[in-house]
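Just one chain is shown here, as structure tokens, and it is the form predicted alone.
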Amino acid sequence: MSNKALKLFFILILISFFTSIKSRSASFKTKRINILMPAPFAESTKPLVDDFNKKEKGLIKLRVTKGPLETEAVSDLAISSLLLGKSPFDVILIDVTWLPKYAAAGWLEPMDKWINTENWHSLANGARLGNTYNNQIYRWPLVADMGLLYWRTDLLEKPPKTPEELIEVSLNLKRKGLITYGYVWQGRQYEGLSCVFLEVLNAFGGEWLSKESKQINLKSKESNNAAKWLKELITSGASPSSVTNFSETESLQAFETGQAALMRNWPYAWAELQKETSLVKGKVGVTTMVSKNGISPTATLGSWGFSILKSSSNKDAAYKAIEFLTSVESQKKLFLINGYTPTKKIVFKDKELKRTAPLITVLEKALSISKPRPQTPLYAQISNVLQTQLSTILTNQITPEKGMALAHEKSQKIISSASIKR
């Protein structure tokens, strides 16, 4: 073979070698996944994200975009990116009330292809709520959430079980001068007020939006009684008039400083009450909310879950990341470190967790009786109407009957107008 032919032969070998390397490199190109999360979740899941990236060894690179602190601000950011075209996000951690709106708009990828029957039934009953739209799965829960009743074990032998008993207990403790406030809750005009009202409405046997007829039911006897009871909490003195300015933060502050005997809040509050700065550490019990008959309590479901965007070019890798972040081991860590309520049945049955954190038994029961808010793409609009009218009732601007009638009429117009447009 001549020198020229030999040189050409080696050049061809080198070209073939580098082409092979390039081809192999392309086949192993890192798949980058970007998840948008509200700030608290971005911080709490950081160790899990780091573990996932180490495990994947460069094949998948998971990145979390830290969104705003406020829930609605996160939704605004997500929707803005979706309306502009191809979103920079592959996955969004969404609130349970956002799902119908996002799914109806066609922004989300159905997840049924990844989730089989066994996966689906690995979730606790309450955790399966709020993840579907038109019989398709669009969301996989990271954390469950539900309204709970916190009570002072140093002041009460047992918690109240009925609305009447709650007022009586609160007033009795105030008369004795043992506390400043009886019962604190979320009475500010925002989403928290809708959650509180729904729990009371369910306790009185009513419903907000009929699942069957899709009609608003806010001027029913049960709705009026629920609104009257919330107002009675304030007029009787069982709750302070300032509760109309309370969100979760103010309620927790009043309770952990020893000013209140009872509090309605979410599971996260338990971890806060166990801190050394809490004046009631070791003096707190947790149970389900009161009910009219004392034996059928309900709780408003509030949860966050992952949804894959239809525009993502790495959907399989995105689901793999979701699987890791919501695995049994991940849920145990999030529960023990951050107080997040698990979503899988097996975690609630864990003997070690039951021994070290008995609260998990209460959470399991509360999740089993939780009910979602109305599952409609128009939820934000009808919730805003309800909050506004409840606020006018609680601040003595209108009677409960008139306020609920207005809430009913305005909400039904929203529902009816949307049906006509379709």
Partner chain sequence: MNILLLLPALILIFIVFVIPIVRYYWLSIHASSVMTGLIPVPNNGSNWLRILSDDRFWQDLFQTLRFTFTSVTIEILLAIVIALLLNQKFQGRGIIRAISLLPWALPTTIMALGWRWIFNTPYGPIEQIFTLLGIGTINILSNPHLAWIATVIADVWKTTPFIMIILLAGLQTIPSDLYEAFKLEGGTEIQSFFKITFPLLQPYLIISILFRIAQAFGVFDLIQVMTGGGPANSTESLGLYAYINSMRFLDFGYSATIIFLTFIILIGFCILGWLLISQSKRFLSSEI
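Given the structure is predicted, the values throughout are model-derived calculations rather than measurements. Numbering follows the first chain given and starts at 1.
If you look for the form predicted together with the partner chain, you will not find it shown, but the lines that follow are about it.
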Problem - in the model of the complex, Leu359 touching the partner chain (heavy atom, 4.5 Å) - result: no
Problem - Contact label in the model of the complex: Lys231 to the partner chain, heavy atom within 4.5 Å - result: no
Handout entry: Contact flag, Ile60 vs the partner chain in the model of the complex, heavy atom cut 4.5 Å
Key = no
Handout entry: Non-hydrogen atom contact Lys402 with the partner chain in the model of the complex at 4.5 angstroms
Key = no
Exercise for the section: Considering the partner chain in the model of the complex, find the one stretch among 288-296, 80-88, 111-119, 150-158 with heavy atoms no farther than 4.5 Å from it. Expected result: 80-88
Fill in the blank from the handout: Heavy atom within 4.5 Å of the partner chain in the model of the complex, from candidates Leu178, Leu171, Val328, Ala105, belongs to Ala105
Practice task
Name the residue from Glu272, Glu164, Asp316, Glu72 that puts a heavy atom within 4.5 Å of the partner chain in the model of the complex.
Solution key: Glu72
Handout entry: Candidate spot Val96, Asn131 and Lys344, all three touching the partner chain in the model of the complex (heavy atom, 4.5 Å)
Key = no
Completion exercise
Across 367-385, the residues having a non-hydrogen atom within 4.5 Å of the partner chain in the model of the complex turn out to be Pro377, Leu378, Ala380, Gln381, Asn384
